[in-house]
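Only one chain comes next, encoded as structure tokens, the form predicted alone.
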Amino acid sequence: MSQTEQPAIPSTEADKRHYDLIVVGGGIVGLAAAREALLRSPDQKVAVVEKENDIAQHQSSHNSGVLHAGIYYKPGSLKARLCAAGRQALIEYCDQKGIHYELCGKLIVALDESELPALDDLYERGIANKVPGLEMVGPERIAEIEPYTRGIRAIWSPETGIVEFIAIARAYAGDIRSMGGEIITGHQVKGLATQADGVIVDVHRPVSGHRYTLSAKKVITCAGLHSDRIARSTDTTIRTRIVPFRGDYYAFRPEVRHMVNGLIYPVPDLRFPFLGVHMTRVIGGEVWAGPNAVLAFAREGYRRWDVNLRDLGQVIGFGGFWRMASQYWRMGMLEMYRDYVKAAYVKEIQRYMPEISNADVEIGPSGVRAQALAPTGKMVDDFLMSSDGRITHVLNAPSPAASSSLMIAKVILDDAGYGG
């Protein structure tokens, strides 16, 4: 049994399990929400229900651990408002808990004149979002910060950092337990139903085959890759759908890791929520290049050959997907090509680090991003929530959700009308 797992709930005890709040999903956002609820109302009975046998097994742990400072996000958006404050709150939390992090800094590098207008726009966003320490630097300063990186101009964000978000998730779980909350792993929520005095939660335990119900006054769903399915069990008017995008990384071999001191990013296309292939030093000293962004054929498809017919069928049966694909198919094909052809992926790295060769990198980890897509084909770029007062659904919480998790939790609890 993992350190977060609770004993199985016997089906005969199902009717006895009533809570003030149930949080569906034991990722970093769900755990932060449950923790915030207990901070606000310590006497309340709160439980987190997670389908995996341990917490934070998907997006919360399949990432490069970047502690974002808030540069990219449209001023006034939830992402912009919550990221800078969330990063500072998370740093203070890590200091309190003794969780290691590094403020190694980030360079966002323009390679030629054509990228300078977008870089300038990005800098203005960062200033508007009050990103601390932001400055525009030239080739000499780029060489001082990252000697193996080429570029004509760059944004330098010294307060961007790295951390292991799984360590933060485990700390949140520890807080929940210490305040009397429960974390029930290995139990999958199959659906929700409202009733006069609260919400019925339909739970299945795959290991035993038991199926039973829990009840709660309020429910918050933070189901990540499955958030739209859970949400539509109570609200069929929700029209966004989750489209999974897999991001693959390459890892630098030990002998070339010294060539990256912190974080090296391209100038992004702000029409997309993806930031492009970048070089990232991670906690522990490894250096990763990536991720790309390709359609995953399963919501939990971490390998190229992972296919779930239900997941894939829901993507290709969704009109919004085809509207998006008709606009961006060239970019999608290029991402697929780079994903399957190592030399093409390495060529992208070499644009910023010319001395890197095919032999210097090897296949690294992968992650899957739960990207909400509207029926119009537009990718939902901001955090998105929906609440009727009893059930609050978190419908879109991609990066920088982990960096912003303490602040997102406050917004979620406010939307849920959960005082204290």
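Every value quoted in this text rests on a predicted model; they were computed, and no experiment measured them. From 1 onward, residues are counted along the sequence shown.
Only in words, not in the display: the form predicted together with a small molecule, which the text now covers.
In the predicted complex, the small molecule lies within 4.5 Å of some heavy atom of Ala223. Using a 4.5 Å cutoff between non-hydrogen atoms, Gln59 counts as a contact of the small molecule in the predicted complex. The small molecule is not drawn, but in the predicted complex it has a heavy atom within 4.5 Å of Glu50.
Mapping the unseen interface onto this chain, Val66 counts among the residues with a heavy atom inside 4.5 Å of the small molecule in the predicted complex. Looking at 384-392, 356-364, 22-30, 35-43, the stretch with residues near the small molecule in the predicted complex, meaning non-hydrogen atoms within 4.5 angstroms, turns out to be 22-30.
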